[in-house]
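We begin with a single chain expressed as structure tokens, specifically the form predicted on its own.
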Amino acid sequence: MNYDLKNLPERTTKPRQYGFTMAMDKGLSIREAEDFVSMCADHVDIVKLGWATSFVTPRLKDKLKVFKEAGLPTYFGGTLFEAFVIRDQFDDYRRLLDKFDMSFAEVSDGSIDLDHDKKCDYIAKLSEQVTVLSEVGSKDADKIIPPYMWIDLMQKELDAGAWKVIGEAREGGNVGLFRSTGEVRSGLVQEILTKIPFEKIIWEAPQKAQQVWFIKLLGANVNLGNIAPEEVIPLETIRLGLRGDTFLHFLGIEKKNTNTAPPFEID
């Protein structure tokens, strides 16, 4: 940090098990990736190449090298895994991970119907090769999964070998954990947390209001994902109580309601 401030929440340090920030790369150029790591590498734990963008990204190996040299692990979005699975190319996917020297992989079923036992089998097999992140939730806004099922799916995927589970929200933050308006399904989140340890979950939260909500609920060291590159430093200030949204939260000071009109005086 550039100077000292008292009474900031304590942040975990890298390599961290929680307090994780996952940034989403939706198509950065190599120059943009270099600029990104020069500014944000200290505040990012892993970079996801969103959905199947890696298939069409030019000079992919060169870009992955930029992240690797900055000490940032990367992984391909879960949609790419699904694209291989639906085409019966799982073994090709495993070879792809080796080809690009990937140490992480995401297993998801947000776009395809995949028997859950089979999904757990994929997790188990891949966990012998890489560190697995598994995503729970559908990309279909009309598909509502009840809380007890979220819990059951998450636990089974952790048991199968996933390092952490990801709560689905897409890059827009308007499905899965959230309503179409972006509002958090707070009851769902609270119920999940009764059974699944918070440090084992990465909550996809691309919108600022969503990030603020999770930080106020779970503290500065909540795991958050699908963070746009330009939002990484703003997110870190929210975690530290250095942006208006959480400015008083970590100081234990209640914000006064300035919208309340003063009482009328009677002469």
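As the structure is a computational prediction, the values presented were derived from the model and not from experiment. Sequential numbering from 1, following the sequence displayed.
Absent from the display: the form predicted in complex with a further copy of the same chain. The rest refers to it.
- Interface residue among Cys120, Val189, Leu80, Met102 relative to a further copy of the same chain in the predicted complex, by the heavy atom within 4.5 Å criterion: Leu80.
- Of the candidate stretches 147-155, 85-93, 160-168, 127-135, only 85-93 has residues whose heavy atoms lie within 4.5 Å of a further copy of the same chain in the predicted complex.
- Though the partner is left out of this view, Gly219 does not reach within 4.5 Å of a further copy of the same chain in the predicted complex, counting heavy atoms only.
- The closest non-hydrogen atom of Ala70 lies beyond 4.5 Å of a further copy of the same chain in the predicted complex.
- At a distance threshold of 4.5 angstroms between non-hydrogen atoms, Trp51 is in contact with a further copy of the same chain in the predicted complex.
- Residue contact check for Asp62: none of its heavy atoms lie within 4.5 Å of a further copy of the same chain in the predicted complex.
- With contact defined as any non-hydrogen atom lying within 4.5 angstroms of a further copy of the same chain in the predicted complex, the contacting residues in 205-238 are Lys208, Glu230, Glu231, Ile233, Pro234, Glu236, Thr237, given in sequence order.
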